[in-house]
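What follows is a single chain, given as structure tokens, in the form predicted on its own.
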């Protein structure tokens, strides 16, 4: 390794150290940055100048930190220059979110569409149009989109971006990454994993939890000490295909009695006379009116979710369980049943069961997590973005 290469590598590490410190602490003076990073004030000043030039940080007002001499100038993350694109393909909608480096959502686009009846190439083409429209608007507002991530409801090969099997979409071995050309760096990951990261970065949950995504399908993302657990091949978290009744109804995955057949959105909202119930809020209205069929559907879903989660708790021992998606508005009618089922199945083995809370991110958790993953990569490697300053 040449001296120049070693110098560049050290500079890249120091840039990440400074930007990470500012991101974690909100705002810091150069003197405070030198103290928390262990770098010299001269080195910090040079690195901050580079980060300012790239549009990643900005100087704010002067503050006096209790020391003699001139007051210091605080440095904070700049939110009006660099942004990330979060995308989601789900069974019944497409979603796009633009999130800036300060983690503020700058733009939201959602398109309701039944993707089960369409070919993968057509679904991806629709998403591309929606995404490019959002990018154009963001760029017009002065933002630089530096990368994107796509959430899909199925196991993904993280290296190739191929969706191996998304049974609720009817997809198998779809090369999503090669089909979606947006002109920016892009990666693809499982929807429930990104929803868990969305909860970690944009929600109000703990740093150790199991996130359960309730959509047409049901997935889970496990966060341990602030990091996502993917499993050996990245396929961890397929909670929806945990069997709760071996002789139960057939599932699209090829099995029988899977959790999705009892607690998935179709099972919940289509429980009345075998026909769609008109959406989640229609279901809530029926529950408020004490509709017997709606109440029975929630009881069944809560029981099945409790059964599946009891096995999961025995296996991975999460600190907290966070319910997202359709389970949020229905929580008043399923929450107690889930907890009671957990207690009845785990009470002999445990002093207590993990507390259950609901996500406040709604159905946008995965798209926010996708954008957040790009932001985290920028903070971890700002040197990759160094370029001439963006003109004001």
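Throughout, rigid core stands for the largest set of C-alpha atoms superposing within 1.5 Å between the two forms. Keep in mind that this is a model prediction, so the values were computed, not measured. Numbering follows the first chain given and starts at 1.
One more form of this protein exists, namely the form predicted together with a further copy of the same chain; it is left out here, but the text below deals with it.
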{"item": "Interface segment, criterion being heavy atoms within 4.5 Å of a further copy of the same chain in the model of the complex, picked from 222-230, 293-301, 99-107, 131-139", "value": "222-230"}
{"item": "Touches a further copy of the same chain in the model of the complex: residue 241 (any heavy atom, 4.5 Å)", "value": "yes"}
{"item": "Residue contact check: residue 344 to a further copy of the same chain in the model of the complex, 4.5 Å heavy atom", "value": "yes"}
{"item": "Any non-hydrogen atom of residue 281 within 4.5 angstroms of a further copy of the same chain in the model of the complex", "value": "no"}
{"item": "Residue 60, heavy atom within 4.5 angstroms of a further copy of the same chain in the model of the complex", "value": "no"}
{"item": "Within 4.5 Å of a further copy of the same chain in the model of the complex, all of 42, 261 and 328 (non-hydrogen atom)", "value": "no"}
{"item": "a further copy of the same chain: the contacting residue among 206, 234, 79, 285 in the model of the complex [heavy atom, 4.5 Å]", "value": "234"}
{"item": "Residues within stretch 311-343 having a non-hydrogen atom within 4.5 Å of a further copy of the same chain in the model of the complex", "value": "311, 312, 314, 315, 316, 317, 318, 319"}
{"item": "Residue 347 C-alpha moves between this form and the one not shown by 2 Å or more, core aligned", "value": "yes"}
{"item": "Residue shift check between this form and the one not shown, rigid core fit, residue 368 Cα at least 2 Å", "value": "no"}
{"item": "C-alpha of residue 125 moved at least 2 Å between this form and the one not shown on rigid core", "value": "no"}
